[in-house]
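Just one chain follows, in the form predicted on its own, and it is written as structure tokens.
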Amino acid sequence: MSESIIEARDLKKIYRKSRIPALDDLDLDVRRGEIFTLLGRNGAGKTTFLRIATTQLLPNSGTIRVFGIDAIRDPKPIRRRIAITPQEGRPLFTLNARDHVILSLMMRGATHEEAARKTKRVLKTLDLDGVRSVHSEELSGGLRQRILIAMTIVCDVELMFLDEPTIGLDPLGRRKVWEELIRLKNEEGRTIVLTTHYMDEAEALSDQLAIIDRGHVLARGNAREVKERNLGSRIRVDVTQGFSFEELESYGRTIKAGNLLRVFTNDEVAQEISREALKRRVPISISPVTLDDVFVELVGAGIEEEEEERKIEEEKMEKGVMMK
């Protein structure tokens, strides 16, 4: 097993204006030379963890070590060895794509000649070569995002953090970024930590992933392990007509998903449903379960709990008003 490059133990973070912890005694390990993905809805704690790991934010309690160094007590040596694409980063409007990347390298000590050489390659890799001399204020949001990614991946660092890096990118742009991240891991041995809302992105890139919600880790492992451990089914069957909810429940866990009914089950039972569908002459769809299914299953329960807590708080407030 590879050594851990990040070790977080009992991390807690509560922002001043919030009663709910952003991180709540979170434990997390990232191994050297892997792509590790954090999945979670907005406000789950993903960005908070990244900001603590990159020494931009202090936790209320707990410990975190990066490269074996205490990130809370000794952040400076860590900062020289990491690069970051922040979620809300913005390129400078007065600089073009080439200038941004060259500047990011020279700020880390590269000569102009070395920076220009590396910049040429990364702009070509991310399909930015054609707009290398265009000021970023004239570029689309997706192209600006690619500039920020280029500024991170061009750096010769051991550990990179990318917070929702492909948000706003078109499908081709996303694939370009995926290919380069995989190359950096496989050919250069980089460790990459990223957050994303795209489940297909997590499946395509991740060696390991964690689903977090309200500052807790709900599931971790590789994509296959997470699906098998947390849903207990390998197959899903989608039905739009010809079956009632009650009928499908007898085959396995059944949920409503938009205008269809979805059954989570195994191969044998899926074949049974298929035979019955043929008899009734109704269409069905059979496919493997996805990370999206697991995410909804795990995080959806948390949403229901939050809604119940909100109702209880509202009831308490109403009773307080009535007593007054």
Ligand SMILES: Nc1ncnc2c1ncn2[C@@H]1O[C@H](COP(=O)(O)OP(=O)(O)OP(=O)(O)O)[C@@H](O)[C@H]1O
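The numbering used is simple: start at 1 and walk along the sequence shown. Everything quoted here is computed from the prediction, not taken from an experiment.
Only in words, not in the display: the form predicted together with this ligand, which the text now covers.
Considering this ligand in the predicted bound form, the lone stretch of 43 to 51, 285 to 293, 29 to 37, 270 to 278 in range is 43 to 51 [heavy atom distance within 4.5 Å]. The partner is absent here, but in the predicted bound form a heavy atom of His197, alone among His197, Lys120, Arg234, His112, sits within 4.5 Å of this ligand. Gln87 is the sole member of Gln87, Thr240, Ser244, Ser140 with a non-hydrogen atom lying within 4.5 angstroms of this ligand in the predicted bound form. Residues Phe67, Ile78 and Asp207 are none of them found to lie within 4.5 Å of this ligand in the predicted bound form, as judged by heavy atom distances.
Although the partner is absent here, Ala22 is a contact residue: one of its heavy atoms lies within 4.5 angstroms of this ligand in the predicted bound form. Of the heavy atoms in Glu164, some are within 4.5 Å of this ligand in the predicted bound form.
Contacts with this ligand in the predicted bound form, taken as any heavy atom within 4.5 Å, map to no residue of 89 to 104.
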